[in-house]
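The form predicted alone is given below as one chain in structure tokens.
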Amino acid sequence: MVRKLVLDVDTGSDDAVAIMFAALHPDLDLLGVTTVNGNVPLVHTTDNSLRVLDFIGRSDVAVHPGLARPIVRHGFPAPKRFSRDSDRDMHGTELPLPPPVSKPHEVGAAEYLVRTARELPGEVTLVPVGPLSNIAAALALAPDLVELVPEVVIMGGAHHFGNETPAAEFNIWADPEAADMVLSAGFPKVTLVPLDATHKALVSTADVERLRALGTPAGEAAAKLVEKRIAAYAVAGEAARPDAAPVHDALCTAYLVRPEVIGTRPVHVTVETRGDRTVGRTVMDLRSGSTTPPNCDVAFDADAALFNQLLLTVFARRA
């Protein structure tokens, strides 16, 4: 059965891999892409998303620009862990793909999300892999969204370690109020894929060469983007291996077709919105005797071999 989804992105190298996976997998129907400020400003997340879709021949997928700032905080916080376009930046302001020919859709992200969920009640999975600003804005416009969307699959958060701060992962840290709103909204199913899982599904330089050898646009693009990620992670020393890197967002799209690619457990998760040192932390109640009802299926493990095989299989396809 083909699964319908909307991908909400802040493209970004790992978002780009997720977009290509969702756009090319035969069991996924990518209805649209919504963009949000995050890895780079909104104008670039939108431009990068268009570049990716044009490059792989899926210009038919519309890109809807969304929020240019967090829902509460003034200004958008620039990432603190690296300087933009430095050798530690695994994204770059502009992806190394040709400029897009396609244009952004005139309908904004929040309006599109609400409209699509209402037109296809119970059929559309939301997959936000950037800051959750657009999803929170859509909830503010239409609280009934929680009754229309069967599952939200989020790349974000961390339990063992953060990446933007010692306590917080970037996507949640960048708009903690939005994240708190989404996690507490009451969606029937929320699957949270944090750093704990994505760092167990590394893509290596050998995997990159396999992707490049496919000879397809997606294989070429994925190889180029992941190669940059590996180099940046090696400089920063942030991955378990110097010859490999996580591709966080693509693990969410892989889960849509092969749920066993991650190992989850039901957990109650809240977001810290006030702590000076802990803002953006996903607080996971892992106490064995906890009576707090779980609100998320949280991934703590991942199958790296299956993940890499899925990438190779899907990126061998042409649109």
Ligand code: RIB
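Just count from 1 along the sequence shown to find any residue number. Computed from a prediction, not measured in an experiment: that's the story for all the values here.
Keep in mind that the form predicted together with the named molecule is missing from the display, and what follows is about it.
Engineer: Determine whether any heavy atom of Asn163 comes within 4.5 Å of a heavy atom of the named molecule in the predicted bound form, and answer yes or no.
Structural biologist: Residue-level check for Asn163: yes, a contact with the named molecule.
Engineer: Is Asp249 close to the named molecule in the predicted bound form, meaning a heavy atom pair under 4.5 Å apart or at it?
Structural biologist: Heavy-atom contact with the named molecule at 4.5 Å: present for Asp249.
Engineer: According to a 4.5 angstroms non-hydrogen atom cut-off, is Asn171 in contact with the named molecule in the predicted bound form?
Structural biologist: Yes, contact at 4.5 Å.
Engineer: Against the named molecule in the predicted bound form, would Ser49 count as a contact residue? Criterion: heavy atoms within 4.5 Å.
Structural biologist: The answer is no: Ser49 has no heavy atom within 4.5 Å of the named molecule.
Engineer: Note which of Val127, Leu192, Leu195, Ala201 lies within 4.5 Å of the named molecule in the predicted bound form, where distance is taken over heavy atoms; exactly one does.
Structural biologist: The residue from Val127, Leu192, Leu195, Ala201 that makes the contact is Leu195.
Engineer: Pick from Met155, Ala178, Leu95, Val226: which residue has any heavy atom within 4.5 angstroms of the named molecule in the predicted bound form?
Structural biologist: In short, Met155.
Engineer: For the interface check, one of 307 to 315, 291 to 299, 7 to 15, 20 to 28 should have non-hydrogen atoms within 4.5 Å of the named molecule in the predicted bound form; which one?
Structural biologist: Going by heavy atoms within 4.5 Å, the stretch is 7 to 15.
Engineer: Which residues from 35 to 72 come close to the named molecule in the predicted bound form, meaning a heavy atom within 4.5 Å?
Structural biologist: Result: Asn39 alone.
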